[in-house]
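One chain follows as structure tokens, the form predicted alone.
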């Protein structure tokens, strides 16, 4: 694996790559990331991974500071998987003149997480577009766990980069059902048990919710009784009807965001 710290060196080295797969990460690599790397390796001539903790997408300074950083471990995982290239840029390389405050994204960016994290999705789209201009990938691999992010990126790329394809990859879960996430490293054993129970409630009640045999408020109360500090939202939405053009077949998901102490977890089931 070749590691690049310098943008210009990277651009020169990969300029002739014809079928390059790109997996953007903020490090703290887990099984969800690994599934993205493997998918890219199987579908592309070469795979490049970035590790960059993107400060503008954090709404609170403390969350940015507390974000798990495990660079040595991350590099050893990537080497073991035989990823071709790793890019670890500095903030100045990505934002030489600051972030783009005028980036246009789908109105879906104002709902769910966007309602509680103003500017978050604009910052995510901004940083991925900056990587696109450096890397020029053929395919970008993103996880379905961040379904809202995935849908927003699909819409943005289809409108602005018709030669690039976004590949959505299914959510990878721990044995207890929790969606793999870097934030899981911040949870205690007890909190993981609560998160596992929440997953099971959502899986078991989803059909009843679709049939209107149970209300979202009932599920919300069950979750709060488990010891959740706060629920930002819990919604049943048709993922094929979130961003135009809409698809005809209905595909329901329960979207949820909640807090265990100070750790905010999201999922869609």
Ligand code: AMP
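Keep in mind that this is a model prediction, so the values were computed, not measured. Numbering follows the first chain given and starts at 1.
Although it is not shown, the form predicted in complex with the named molecule is what the next lines describe.
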Fill in: Interface segment, criterion being heavy atoms within 4.5 Å of the named molecule in the model of the complex, picked from 145-153, 185-193, 81-89, 102-110
145-153
Discussion item. Is residue 26 near the named molecule? Define near as a heavy atom within 4.5 Å, in the model of the complex.
Written reply: yes
Worksheet item: Would residue 93 count as touching the named molecule in the model of the complex under a 4.5 Å heavy atom rule?
Response: no
Worksheet item: Does the 4.5 Å heavy atom contact test between residue 141 and the named molecule in the model of the complex come out positive?
Response: yes
Fill in: residue 170: touches the named molecule in the model of the complex, heavy atom cutoff 4.5 angstroms
yes
Response to the item:
Residue within 4.5 Å of the named molecule in the model of the complex by heavy atom, from 127, 179, 157, 135, is 179
Worksheet item: Taking the named molecule in the model of the complex, which residues of 62-89 have any heavy atom within 4.5 Å of it?
Response: 67
